[in-house]
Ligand SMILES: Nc1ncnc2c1ncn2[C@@H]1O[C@H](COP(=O)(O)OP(=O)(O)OP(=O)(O)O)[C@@H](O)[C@H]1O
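Single chain ahead, written as structure tokens, the form predicted alone.
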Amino acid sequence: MISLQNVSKLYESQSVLKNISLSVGKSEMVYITGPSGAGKTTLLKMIYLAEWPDEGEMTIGDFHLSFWDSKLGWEVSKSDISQCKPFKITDIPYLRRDIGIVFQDFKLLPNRTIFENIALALRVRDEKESEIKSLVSEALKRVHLRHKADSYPRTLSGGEQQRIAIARAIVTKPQIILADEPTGNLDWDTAAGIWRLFGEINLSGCTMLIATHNKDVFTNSGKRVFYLDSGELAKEVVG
């Protein structure tokens, strides 16, 4: 579902990620950990192409991004890797359609209701209004906040806002969920509820890649853990 081979990222000629190779299977949940500045956020950003790798190969869902060429950009194939076509910026939304993203700081729109925040991704796809109402209601039910549909983000607690951010991520029924320190701003009890919710989403068949510095989350989890250090993949263990 996700595969990186010898992927590197430079900022102003300084390496942020160096020769990263890892894979995440369909319906698997894995963790990325490491100290601040290790490259966790940059790695997630590359997967949904908010940042572009400078070297290496990536397979994200049905897309294979094979190498960098300054004139062509990444080459991509949705089926046969040997029949690649030049990857265009306009292809990015199609890659992202199967990816839901959960941020540490929620990134909810303060001037829109909870319903409108979640519905936005569906409206971008020109879904029918009846379908939007059904899908948003279903997503809110999964995070146990259907009664907050007409509220605004400022009226919700931090834990509730993160649950809404998760509902927004899952409303399009993506194959992949990426989460970047999703409980970093929450107290332990609230965070525990978020982790239980992630477990439920994973059991429904969603592939999940979660960046966290909290070792308690993955210790004895039985899930694979990738340790980043100074932009390098230092080790892979089972939590």
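Numbers for residues come from their place in the sequence shown, where the first is 1. Treat the numbers as computed from the prediction; the structure is a model and nothing was measured.
Keep in mind that the form predicted together with this ligand is not shown, yet the notes after this line are about it.
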Out of 170-178, 201-209, 54-62, 30-38, where are the residues with a heavy atom within 4.5 Å of this ligand in the model of the complex? 30-38
Can you tell me if Thr183 lies within 4.5 angstroms of this ligand in the model of the complex, counting non-hydrogen atoms only? no
Would Val16 count as a contact of this ligand in the model of the complex, using a 4.5 angstroms cut-off between non-hydrogen atoms? yes
Heavy atom contacts to this ligand in the model of the complex at 4.5 Å, residues of 200-218 in sequence order: His213
